[in-house]
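Below sits a lone chain in structure tokens, taken as the form predicted alone.
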């Protein structure tokens, strides 16, 4: 299993994106945000996505040079048209607009349409949080999830992320697992997945990786996950006037633009409390959770963000391991754009 430092992996990702025609500043934003997911242990949203991006870029399915444009701005509300641009570039612009407007009005809600996959929602929520704001980010996705009691895909994994000043960060799909977890199992030759992750193409629960990849993901908590996914769909695609539900493309829909929609909400903490006081209160709340006795089979109580921060500290120190299947796909993508893979002696 190759192990690369964050700097090595970022440079490799950057070189691939540049060779695929992405302008330098945009390529840097995408590369850094993808590797940040690997650092946090969220490998499904890291450089595993690069081969898919390369396919899209070379096929002309994404316009890496599109700037996107503000359609309307009215008080604390902004509508953005991504013009089929690079998802990370669009998300970066929308996050900056959200921070700017929240500083002026105390709240900001930016919705984007005609965008593309932007990696992990956590990166953009943390960008808003770094400006002293509460950041809430959502997006719709390709229709690989059946609505509750259905057996055909209509909804996406439709993630919800919330980042706050303080030691707490929630980033979750509205399915039991993200779609990338299934894809990771496929490309790394893992024959089975845990129960409760997926259905086969007939809507029957399965633990077979190949059947799951051709099938659908399970909504988180049954009808509750289906309801949350609908909420995300409404706040992203319905509100923005963008592509809804099965109009959205994705990794299984080659030849079709993704057309995803996204929502960026920023809340200016300082309008309520000094940021330092708010952060201290979040820490107090986290401490209260952690003071609960651990249940049988567990050593401690963890809160949202704990596993990722611990993994990041470990990987910054010892490097980022890349599963063989992921590495092979990444090197194949690099070869397509004539980028040599970095030597790794580990």
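Note that this is a predicted model, so its numbers are computed, not measured. Only the largest set of C-alpha atoms that superpose within 1.5 Å between the two forms is called the rigid core. Numbering follows the first chain given and starts at 1.
The same protein also has a form predicted together with another copy of the chain, omitted here; what follows describes it.
Screening 40-48, 24-32, 56-64, 283-291 for residues having heavy atoms within 4.5 Å of another copy of the chain in the predicted bound form returns a single hit, 283-291. Residue-level contacts in the predicted bound form: of 109, 131, 93, 251, one residue has a heavy atom within 4.5 Å of another copy of the chain, and it is 109. A single residue from the set 193, 164, 99, 258 has any heavy atom within 4.5 angstroms of another copy of the chain in the predicted bound form; that residue is 164. At least one heavy atom of residue 239 is located within 4.5 Å of another copy of the chain in the predicted bound form. Within 4.5 Å of any heavy atom of another copy of the chain in the predicted bound form lies no heavy atom of residue 276. In the predicted bound form, residue 125 stays away from another copy of the chain, with no heavy atom inside 4.5 Å. Another copy of the chain in the predicted bound form comes within 4.5 Å of a heavy atom belonging to residue 154. Although another copy of the chain is not shown here, in the predicted bound form the stretch 187-219 places heavy atoms of 202, 203, 204 within 4.5 Å of it, in sequence order.
After superposition on the rigid core, the Cα atom of residue 181 is displaced by 2 Å or more between the shown form and the other one.
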